[in-house]
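Just one chain follows, in the form predicted on its own, and it is written as structure tokens.
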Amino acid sequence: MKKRGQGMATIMFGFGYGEGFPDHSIVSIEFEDESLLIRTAAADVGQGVLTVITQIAAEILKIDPDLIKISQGDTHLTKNSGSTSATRQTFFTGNAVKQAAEELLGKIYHYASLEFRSNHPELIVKDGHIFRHDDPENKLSYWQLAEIVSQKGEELKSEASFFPATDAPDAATGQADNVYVAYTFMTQKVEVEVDTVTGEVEVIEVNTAMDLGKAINPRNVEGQIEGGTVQGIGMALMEDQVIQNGITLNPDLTGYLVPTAMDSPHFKTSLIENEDADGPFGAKGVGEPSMIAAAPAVANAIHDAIGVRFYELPITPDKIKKALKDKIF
């Protein structure tokens, strides 16, 4: 017999190192040939941070994203951007890029005002060019302006460091005014189907609502949520490292099961853009929060389906069959 149940879980996640630890990211931006070069040590491990920082720079400088190149992770050419952990890169490196792009934009206006013999309010930037409002055909590309500036012995480039402060928690109470830079909130409702004969659990559908400040790239965010949720489902139902006498008995994917595409449910996702953070355009981190609610939501859904509460993960078919047998007898 197959029984269905629904479960819900809500989480909050403080991102960045937090707790008074120093945490920063440094980025530089310059014009090179016919491209805009961003130098950053931020590691993109699939979460899409390079796409995000490209979008941020393109938005501020009003330039085609295809003209933006990134010099990534070269210790000779890039400065510290911190680790790709703690759900921090969009917030920290995104802010550093935003600040560097704004500084560069200010320099563009300054040097262009000298060339056009004009004041800043009379100038406009569009599609990688700057011109006067009253004479849009007389324009300079950013690269032309960079060459003019170079001939003066100066540089049209910028660098910015984003370095927010957090507070160490009080040793006695664990409290502080600003433990983390911001918090991401998420609620998930999960529907499962439990086979009471085999003990197998199928996750049918996951509904997610995440307060993420601002979705700079909504498709990226949805991918993060779906990928993280599937990892959480793996933790809930199958991932189990078996250790005996200090030796891992299932050291490969033959014995250590992880979810596949066949185990992925149908997703419905709502992105709540409540811009209450200091991230770029109000953005918050979404990586790790996306995997936290899934396991408790699945456990609650299983309880709703068969009336048995589990307190240890993973909730395997053997555990379900035994629990149902104990419940009956």
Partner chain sequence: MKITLTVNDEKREVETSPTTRLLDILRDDLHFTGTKEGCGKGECGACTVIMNGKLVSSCLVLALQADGAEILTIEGLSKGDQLHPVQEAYIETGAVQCGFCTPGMILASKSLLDRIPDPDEQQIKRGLSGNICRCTGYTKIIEAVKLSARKLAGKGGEEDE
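Residue numbers count along the first chain shown, from 1. In this text, all values refer to a predicted model and were calculated from it rather than measured experimentally.
One more form of this protein should be noted, the form predicted in complex with the partner chain, which is absent from this view; the next part is about it.
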**Request:** Please determine, with the chain shown alone, which of 103 to 111, 215 to 223, 152 to 160, 133 to 141 has non-hydrogen atoms within 4.5 Å of the partner chain in the predicted complex.
**Result:** 215 to 223
**Asked** Though only this chain appears here, would Ser35 touch the partner chain in the predicted complex if you measure heavy atom gaps against 4.5 Å?
**Response** no
**Message:** Does any part of Leu123 reach within 4.5 Å of the partner chain in the predicted complex? Heavy atoms only, please.
**Reply:** no
**Request:** Examine Val197 and determine whether its closest non-hydrogen atom to the partner chain in the predicted complex is within 4.5 angstroms.
**Result:** no
**Asked** Contact between Gln99 and the partner chain in the predicted complex at 4.5 Å, heavy atoms?
**Response** no
**Message:** Using a 4.5 Å heavy atom cutoff, which residues in 170 to 207 contact the partner chain in the predicted complex? It's fine if the answer is none.
**Reply:** none
